[in-house]
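Coming up is one lone chain in structure tokens, specifically the form predicted on its own.
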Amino acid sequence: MSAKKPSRHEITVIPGDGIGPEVMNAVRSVLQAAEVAIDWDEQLAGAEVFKKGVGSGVLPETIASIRRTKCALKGPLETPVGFGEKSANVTLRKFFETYGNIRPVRELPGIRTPYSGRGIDFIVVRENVEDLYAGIEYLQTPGVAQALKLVTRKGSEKICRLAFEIARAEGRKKVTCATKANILKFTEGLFKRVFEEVSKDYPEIVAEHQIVDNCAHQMVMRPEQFDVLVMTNMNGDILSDLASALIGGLGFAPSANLGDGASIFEAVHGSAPQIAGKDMANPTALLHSSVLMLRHLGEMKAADSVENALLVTLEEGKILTPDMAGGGREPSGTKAFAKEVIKNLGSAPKAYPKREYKKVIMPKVSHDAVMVVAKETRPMGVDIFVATAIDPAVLGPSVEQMIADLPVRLTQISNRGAKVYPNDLGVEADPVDCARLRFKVAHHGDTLSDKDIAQILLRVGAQAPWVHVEKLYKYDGVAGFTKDQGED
């Protein structure tokens, strides 16, 4: 009876810019030698696409390929300076809702760092599509910029569940949630609350919370305490790069972008154009990213084989690229490094703790647009941002006179979150040409209609152009907005 042929995987491959094609060729040669059944569909994104006038940096054919294959392996892409519209990396993550960015951080044999011997072995799980990186920004005035930080319950639940599922798949014991919920009580606070709710479904795993700045401190002081870390987008972006420095730098940092539909695997280092074409690039990060890809595809034996061959190559230190060679060791090239990994297929490192891996179960979260429904929603005010250099002590009384016949009152004017009118506390805020006027209903229990808001805008706008409007709601009797410094 003939042996069953392994199923073939069709994978979109994007070689990338700079050193991208070199490290990608190295990785493909190793996977071929490991006899992984892959049909590659090569596509373009990045610098060449930007130069063709495609503002996103991603060709429609590339999008179509990933939609079909559901899986992509990608080299580093350049982010243009002075042309193009968005990062091609961000475009791909957004287009396919790859909401989970996974960054393993594990001490590597033969790679000397100040932390060598500490047994660093944790994973950063970063929310990947919302938060400040939704990229929604405005110039309210030529000198005042605004960014919207969007954190959703759905996005928070998906990434928190994914963090716990990864912990389960790898036999890890603890998940740490790092937030700035002490300051950003609605956005980061929502993330923390959802984490705490989700943790109840994983009673065998310890769940803890750290303030993110303390987490950064702890990561430098005692990184071996961490097992799995989960964070909002920008926090995760910053701390995952910090984490990679503990084990040797971005040249050793693999990455997976996981979604319900498609998943994209990539090294997180740059395109390094200064060494492109010189056979000097280190393919370790992309090779390790391909290991993450193999595990995602269920190719557990192949993933272990490739990972072990890479670890043996680093452990022996006979063939190393220039960034790894030191202490009098002669550097080798990208191609020679890949050949050495291929030679070591079937071997295992001598002194490296083995970890058992299972396929990660992607969490199931409702795709309904509305996940939280309030029993009572009451509009009870409005914040209006205005472009003005008028002194608040002058602007306040003028606005109060303008709206005297409307069912609202001006409760305050604020400067970047600090109450400056009425300035009964003597706040010394350096003036800027953008102020926030807060209006609330005149009587307790009243609601504010859109017609009332329109009237306020018309009247206030006659004195100072309004640039941004936010309604103030109470949901089930709880205010859905923050107070300013100095606000009662």
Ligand code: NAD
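Only a predicted model underlies this, so the values are computations on that prediction, with no experimental measurement involved. Numbers for residues come from their place in the sequence shown, where the first is 1.
FYI, the form predicted in complex with nicotinamide-adenine-dinucleotide (NAD) isn't displayed, but the following is about it.
With nicotinamide-adenine-dinucleotide (NAD) omitted here, the record of contacts in the predicted bound form names 260-268 of 154-162, 260-268, 299-307, 390-398, defined by a heavy atom within 4.5 Å. None of 272, 71, 132, 123 but one reaches within 4.5 angstroms of nicotinamide-adenine-dinucleotide (NAD) in the predicted bound form through a heavy atom, and that residue is 272. This chain appears without its partner; in the predicted bound form, the one residue of 313, 240, 282, 128 with a heavy atom within 4.5 Å of nicotinamide-adenine-dinucleotide (NAD) is 282. Although the partner is absent here, residue 77 is a contact residue: one of its heavy atoms lies within 4.5 angstroms of nicotinamide-adenine-dinucleotide (NAD) in the predicted bound form.
For the chain shown alone, residue 197 is not a contact residue for nicotinamide-adenine-dinucleotide (NAD) in the predicted bound form, no non-hydrogen atom being within 4.5 angstroms. Taking non-hydrogen atoms only, residue 97 never approaches nicotinamide-adenine-dinucleotide (NAD) to within 4.5 angstroms in the predicted bound form. Using a 4.5 Å cutoff between non-hydrogen atoms, residue 19 counts as a contact of nicotinamide-adenine-dinucleotide (NAD) in the predicted bound form.
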